[in-house]
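Two versions of one and the same chain are coming, encoded as structure tokens; call them structure 1 and structure 2.
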Structure 1
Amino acid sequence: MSVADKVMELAKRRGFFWISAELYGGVSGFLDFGPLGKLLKRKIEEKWRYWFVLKNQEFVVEIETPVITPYKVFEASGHVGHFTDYMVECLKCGRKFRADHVIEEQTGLSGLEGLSEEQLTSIITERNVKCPECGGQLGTVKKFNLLFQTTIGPYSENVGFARPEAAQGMFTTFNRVYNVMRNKLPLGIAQIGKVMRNEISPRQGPIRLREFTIMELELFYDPQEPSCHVLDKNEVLRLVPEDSVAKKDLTPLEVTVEEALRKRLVACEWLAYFMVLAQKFVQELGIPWDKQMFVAKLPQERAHYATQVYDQVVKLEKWGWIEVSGHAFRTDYDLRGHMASSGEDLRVYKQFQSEVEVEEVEVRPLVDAIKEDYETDASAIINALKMMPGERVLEEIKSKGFFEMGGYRIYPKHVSFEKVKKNVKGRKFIPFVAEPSFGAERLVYASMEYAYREKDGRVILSFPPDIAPIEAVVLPLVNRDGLPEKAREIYGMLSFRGLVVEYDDSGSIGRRYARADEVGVPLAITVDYQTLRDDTVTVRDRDTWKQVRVRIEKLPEIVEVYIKRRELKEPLKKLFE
């Protein structure tokens, strides 16, 4: 039996998580979290919040936006266009392929994103595209849209989607939060919430889900001031850069942040900063340094919105290296898209000390050409184009042949450029975005797998004390002579302090220790006969089984300090040495 199987069995048996709707046979891709799982997940979320929000609360804030999101938002974000996969099956060998990929490979055509199933099918027929494996004939193209779709309001034509990432909620409300945060950059907007992706066939238990919790942060900064003031460049990153991945060499480099930036392995300082935090965060979940690394995503496997992506992967016993977070450099892609679709100005204004003369490239929309191609959307596009940073538009048109903005493509025929000199008192720009994004359920599972130990045929979950679902258990040594009463009293006292505690008087003392170890309770407090004489109890450490005797009045503080650990470990450290 693999560790994964044991963990899954334990998860089910002791109430961490299990497959949802089991009553009706279950559905893959959905999980129920039981009492312990919910506690564990909450603690992991809390730890994420510590590292990614509280630590930088001066400029990072947490918000909450809805799961159901209007069609327009995901059209603007590019998800409607890019989140749909077109599949085609070989009629001879039965293999399935991404239709657009096969066509691109065999015909050299590109820019197929906007096409329908019918159009792709007819290209296959016309250009005689064959199965790349066996040369057989291909069938008709079928669409897979990974967005969960619904209608907003009953009997309504108003299509909405369940969000596949929380990010769009942060982008669409960026200007308000920016304003509330008194117009300052850098600004981080964080969110923890449910997202949904209608995966074709989710497997691997808690690893690939159709509905899961994302912990995401969008950091907005001025592209002209890209330095991250909280970054320590001496920190070391363990990563596999893009060119190694391209060569299929997955040996991680251990480089300082300074070096990673100098060699352009990491695209921007903020991304590097969050990667450093991500390592610490994941390490604190009990996953050692050498069991995690960052792997660059190649251009073709990157999300449509990102110019650089590193996946943070951790080694799992059964499933290999599994992504637990993605670190994407999204530039101004998303805000730009929402500007084009909404026609609103999402730029940020920065005032100069004094008026200065600048020379910049301005975009001049060619109104007739845009009207011709985009009809009713033209006015929003024209408006947005005028607000786009000229250099970037020019550059992208040069390199890709078009400039993309919220599902619209701007080709050379749509714009002209003009270099202008002018005196200005400030500048308007679209912020750049660096995004770390974590999957909570995968971290829950990974922390359980790394906590899993067996000792003398007993199972112990050695969670780091600060993520253990239950913080302490109170036990009377025997069930007589007033010991249970005293133990209950202590239980009540700890519980009143807001600690997650359990009381257990069933079976022998050894059995109760074992029961607590199995779900990772870090401290066991035992009331014995000496307690009745001098108001002391024994505190047992889950991992070493060592015990120390402490005064009851000191207990709440000791337990609190121990389970919170951070920077406070000294007073308790002594106890178990």
Structure 2
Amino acid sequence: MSVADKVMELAKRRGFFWISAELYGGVSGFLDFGPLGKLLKRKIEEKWRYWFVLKNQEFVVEIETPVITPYKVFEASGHVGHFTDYMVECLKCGRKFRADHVIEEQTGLSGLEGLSEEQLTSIITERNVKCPECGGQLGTVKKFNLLFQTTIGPYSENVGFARPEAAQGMFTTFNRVYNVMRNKLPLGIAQIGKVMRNEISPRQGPIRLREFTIMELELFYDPQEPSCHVLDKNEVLRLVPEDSVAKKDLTPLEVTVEEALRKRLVACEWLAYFMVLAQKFVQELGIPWDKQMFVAKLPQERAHYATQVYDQVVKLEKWGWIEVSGHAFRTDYDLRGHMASSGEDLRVYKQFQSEVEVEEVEVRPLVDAIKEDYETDASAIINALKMMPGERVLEEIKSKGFFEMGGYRIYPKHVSFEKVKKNVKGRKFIPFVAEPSFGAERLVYASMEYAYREKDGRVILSFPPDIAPIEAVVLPLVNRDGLPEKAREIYGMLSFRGLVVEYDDSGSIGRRYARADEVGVPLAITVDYQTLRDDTVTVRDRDTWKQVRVRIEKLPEIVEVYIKRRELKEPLKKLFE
């Protein structure tokens, strides 16, 4: 039995997670989290909040926005047009699958994400790829939009979507949050919440879900002031850059941040900063540094909004290298899209100390051409173009052949450009954005797999103490002679301090230790006859099985320090040496 199978069996049996709607046969892509799984997931979310929000609270705030979002938002963001995967249907049994996954599983080919429907169909035909369920012939590959669609209120025309990312909530509220935070950049807006993606055929348990919790941050900064004041450029990143990915060489380079930026392996300092944090955060979940790396996405594989993307991947026994976070350089793509669709000016104004002369490239919309192609939307497009930074529009038209904003593509025939000199007291600009985005459920599973070990025939989940679902268990040695009463008193004392504590008096003491080890409880506190004489208890370490005597009055402080203040954990380990 593989470690993955053992972890999945343990997760179900001990109440971490299992497939949802199990009573009715289950539904793939949805999980129920039981008591222990909910605690573990919550602690991982809290640790992410510590690393990405609280450690950066000088410039990062957290908000909450709705899961259901109006159609117009995701039309403006490009998700209606671009948030798709390729689907193929079995002509015999009628089952539908994600085309690139079926091809990869049966042929070993990789790097298929950028291929078209026609190219994928050709591979299926040439390689004789069959239905993985019944062996039947597969049909033509088609596009499938991953947005979950619904209606808002009783009117069928009032279409909405369950958000596939939390990011758009940060973009649509940017102006208001920016004003609340006294108009200061850089500004990070973070959010933890549910998102939904209508995956075609999720078949990897907790790895690929249709509903999951995302932990996301959008960092807005001035593109003319891109330096990150909290970045240590001596930190080392494990990267597989784009040129290596193109050669199918996934051997990571170990480079300093300074080198990665100098060689343009990482597009901006803020992206590098969050990648450094991500390495440390994932390492603190128990996943070693050498079992994680960042793999670049090739241009044809990247999300439509990004000019650079690195996936942070970790090595799992059954599924190989699996993404746990994505790091995207989104530039000004989203804000300019919402400006074009809403008509609102989302630019930031920066006051100069004195009036200066500047030379700028201004966009001149060619009204007739825009009206001919966009008809009723022409007026909104013309107004939005007047607010766009001319240099950006010109740069993108030269590099890509078009400039995109809010689902509209502006081609050379739609605009002209003019260099103008003028005296100004300030400048307006659209902030650039760097984004780290994490999936909580994948981290729950990865943490469990790396915590899983066996010792003398027993299962132990060696979680880092601060993410262990239960922090301590209180055990009376026997169920008589006043020991249960004393144990209950200690249990209440620890619970009152806000610790997550379990009381267990069922079965032999050895069996109770084994139960606690199996769900990762770091400390087991045993109340015995000596406790009644001198007010001391036995504290047992989950990983070493060593025990020490501790005075009851010191117990809350010892448990709190051991569990919650990890920087002070090492001296406490000496208790068990």
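Throughout, rigid core stands for the largest set of C-alpha atoms superposing within 1.5 Å between the two forms. The first residue in the sequence of structure 1 is number 1, and each one after it adds one. No experiment lies behind these values; they were computed from the predicted model shown.
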property	result
Selected structure - the one that is the form predicted in complex with the RNA	1
Whether residue 266 and residue 118 share a rigid part between structure 1 and structure 2	no
Domain reorientation between structure 1 and structure 2, expressed as the smaller rigid part's turn in degrees	74
Angstrom shift of the Cα atom of residue 140 between structure 1 and structure 2 (superposition on rigid core)	7.0
Cα displacement of residue 84 between structure 1 and structure 2, once the rigid core is superposed (Å)	3.3
